[in-house]
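One chain is shown next in structure tokens, namely the form predicted alone.
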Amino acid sequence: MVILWTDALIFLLILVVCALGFYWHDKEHIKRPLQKIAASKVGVASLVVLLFFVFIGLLDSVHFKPGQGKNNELISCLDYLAKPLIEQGEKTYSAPFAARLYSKEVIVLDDGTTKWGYPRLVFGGSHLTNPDIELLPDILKKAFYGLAQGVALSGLFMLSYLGIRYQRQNKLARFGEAPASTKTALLVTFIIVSLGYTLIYLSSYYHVFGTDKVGEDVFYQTIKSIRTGLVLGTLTTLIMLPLAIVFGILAGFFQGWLDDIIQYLYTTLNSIPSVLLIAASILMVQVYITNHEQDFTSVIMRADMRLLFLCLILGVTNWTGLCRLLRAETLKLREMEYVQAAHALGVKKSIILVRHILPNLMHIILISVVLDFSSLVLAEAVLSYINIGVDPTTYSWGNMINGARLEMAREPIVWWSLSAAFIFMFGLVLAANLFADTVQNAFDPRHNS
């Protein structure tokens, strides 16, 4: 097993989340908002969708070398599971569920003669004898088989849940008796597992999202891009949170010269165009990697280092907004009666900050974290579109959209790469935004009054 820098930070973030969950599980001021989130159907549905994205991202974050030899490359668990999609490439573009190439070529017939037409694909629809007649019925039949198997697999999850409830309650559990949020979670899981398995089953016979210019499966590219979006959204937040929390609380609580310095710092940082700062930082990383090639023995390690520095620079340039919010809220909290009473009783300032100020800022921090996640995922697409985002060898929705610029100008138009990236990015961002609204309503004191 090989642990990349971003892998280590992802596992560290999971440990931090688990530790916070264990610490907060008996805290009443945290328990009430969490119960409100659990009672929200929209919140539970969006959380289930996010967890499926996270599961795929974690599969792609466990890297290892499958064997020995010169051509032994670093792969992830997702690469290992998707090995058929990687190996079953084509010559060039092919449309979704196609059995022939997208462009006409000179075809050499068995008798040695040539003709101008659409060649058959090496993998997609290769089991068909006459794709012109058999293609659509075969797709419908395979989709039905895949959906039936997906429904059966989802049914096993349902039976497992009912079995666990039976063991706990010692009586026969019924789906209709479950809480509304639980039924929502099970229903969303049922839909995702059924449709996901259908796509996986169809990908054994066709390229469900087509292929790109070099014949690589677009479905594989889209799934691989999930990790990049999650890494940028989560690790950037992990980097910006300490800066925003520490500087925001210190500026609002102590005021004076410390407040002036912190305000000058984030005002100056905001005056620098973020695009130029990111471009300069990425250029510095490229120069460093070029001058230290011996430290980066594979393409994946070089791309991972660039992704890490992109998260770092995005975190450094995005902490100022949350810092301002926390400073303003701290200015209000320091004048509250319980804080003044603690001052009068001689309580140390550090204890006041930890016990009285920080807990009352957690709702702002949690809301900002969830809201910033979707904006950071979209930021990667914008930065990659202008070629200052992740490494070109890294699978990301931004790189797919960037590559689609030339594909959209072709005749006939190649639309499926852009569409696939849009669908998955839309699903992740929509789920994050809906969950952010639920978190905001649950933790906002004005909604709890």
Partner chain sequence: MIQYIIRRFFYAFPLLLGVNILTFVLFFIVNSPDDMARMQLGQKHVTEQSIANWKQQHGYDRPLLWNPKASGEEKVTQTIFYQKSVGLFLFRFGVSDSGRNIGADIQERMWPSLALALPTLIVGLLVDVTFALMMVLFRGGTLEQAGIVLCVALMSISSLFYIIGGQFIVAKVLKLVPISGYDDGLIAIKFLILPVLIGVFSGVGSGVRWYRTLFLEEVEKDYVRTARAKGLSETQTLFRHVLRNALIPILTGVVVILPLLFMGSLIMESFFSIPGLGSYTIDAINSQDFAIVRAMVFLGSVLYVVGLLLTDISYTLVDPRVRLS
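Positions refer to the first chain, counted from 1. Everything numeric in this text was worked out from a predicted model, so none of it was measured.
The discussion below concerns the form predicted in complex with its partner chain, not included here.
Problem - Region of this chain that lies against its partner chain in the predicted complex, out of 141-149, 199-207, 263-271, 340-348 [heavy atom, 4.5 Å] - result: It is the stretch 263-271.
Practice task
Tell me, yes or no, whether Leu430 is in contact with its partner chain in the predicted complex, where a contact means a heavy atom of each within 4.5 Å.
Solution key: Yes, Leu430 is a contact residue.
Practice task
With heavy atoms only and a cut-off of 4.5 Å, decide whether Phe426 touches its partner chain in the predicted complex.
Solution key: So Phe426 counts as contacting its partner chain.
Exercise for the section: Decide whether Arg334 counts as a contact residue for its partner chain in the predicted complex under a heavy atom distance cut-off of 4.5 Å. Expected result: It does not: once its partner chain is placed as it appears in the predicted complex, Arg334 has no heavy atom within 4.5 Å of it.
Practice task
Although its partner chain is absent from this view, report whether Leu378 comes within 4.5 Å of it in the predicted complex, heavy atoms only.
Solution key: Contact with its partner chain, yes.
Problem - Leu50, Leu243 and Ala251 each touching its partner chain in the predicted complex (heavy atom, 4.5 Å) - result: The answer is no: none of the three residues contacts the partner (heavy atom, 4.5 Å cut-off).
Exercise for the section: Name the residue from Ala280, Ile133, Cys77, Ala180 that puts a heavy atom within 4.5 Å of its partner chain in the predicted complex. Expected result: Answer to the contact question: Ala280.
Practice task
Quick one: from Leu81, Val275, Leu159, Leu153, grab the residue that has a heavy atom within 4.5 Å of its partner chain in the predicted complex.
Solution key: The residue in contact is Val275.
Handout entry: Those residues of 322-342 which, in the predicted complex, come within 4.5 Å of its partner chain by heavy atom
Key = Counting only heavy atoms within 4.5 Å of its partner chain in the predicted complex, the single contacting residue of 322-342 is Arg324.
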